[in-house]
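Take a look at this single chain in structure tokens; it is the form predicted alone.
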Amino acid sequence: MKNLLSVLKIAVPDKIYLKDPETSDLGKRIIEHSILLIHEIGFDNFTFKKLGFKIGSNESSIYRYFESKHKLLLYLSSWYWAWLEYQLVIETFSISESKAKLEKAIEVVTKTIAIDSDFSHINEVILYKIIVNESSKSFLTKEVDTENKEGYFEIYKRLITRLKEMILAIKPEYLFALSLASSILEGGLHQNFLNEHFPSITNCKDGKTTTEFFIHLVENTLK
């Protein structure tokens, strides 16, 4: 376990950024305050000029790290998926029984997020809210196929593959493991979005959690 933890890092594909923001105080401030500002005004209204004003830096200094706000959103999304993968590996590593392992995995990827003090410049609670509300804008673009080939979404796809393998460990003959895995990951976000904005069309409220729904769904699907 110790050896496994030593190689786990929150690493984002390096083609997304021009300069790794984790390598400088300014870069970390860009990430920290971009999360807060996107949450405050929304991604559509977010600009590097507004971010520069918030952090007391020139707009041009932000462009030295990211060539566009789209790339910044890709970075935030990729960081979140990498952080979630880290949580998934840690939480399921010591579980040997396949059903219990998958249930724990579903809990990890569908629960609402609490602060992780290991990353003081990133507020995971607010970042999670951005992922719920804004992350689809990172791939619903004309450039998605090119960016996919460049490896921008490799962490997201790897996370789904991990879930797929846990599903197949329970039922190897199941034909739709990838579809179920991606539905769990995206569906968790969607149900939490509905709970916040359209509570009249979801049952994941009033003490019934998104995690409970997906565990119930998967159990009945894999019978």
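We number the residues from 1 along the sequence you see. Predicted model, so just to flag it, every value in this text is computed and none were measured.
Heads up, the form predicted together with the DNA isn't pictured, but that's what we're talking about next.
Q: Check each of H33, H190, K164, R64 and return the one that places a heavy atom within 4.5 angstroms of the DNA in the predicted bound form.
A: Checked against the cut-off, the match is R64.
Q. Contact between F46 and the DNA in the predicted bound form at 4.5 Å, heavy atoms?
A. Contact check for F46: yes, within 4.5 Å of the DNA in the predicted bound form.
Q. With the cut-off set at 4.5 Å between non-hydrogen atoms, does K50 touch the DNA in the predicted bound form?
A. Judged by the heavy-atom cut-off of 4.5 Å, K50 is in contact with the DNA in the predicted bound form.
Q.
Residue-level contact is defined here as any heavy atom of the residue lying within 4.5 Å of the DNA in the predicted bound form; does H39 satisfy this criterion?
A. H39: no, not in contact with the DNA in the predicted bound form.
Q. Does any heavy atom of K54 come within 4.5 Å of a heavy atom of the DNA in the predicted bound form?
A. Heavy-atom contact with the DNA at 4.5 Å: absent for K54.
Q.
I need the one stretch from 152-160, 180-188, 167-175, 22-30 whose residues put non-hydrogen atoms within 4.5 angstroms of the DNA in the predicted bound form.
A. Comparing against the DNA in the predicted bound form, the contact stretch is 22-30.
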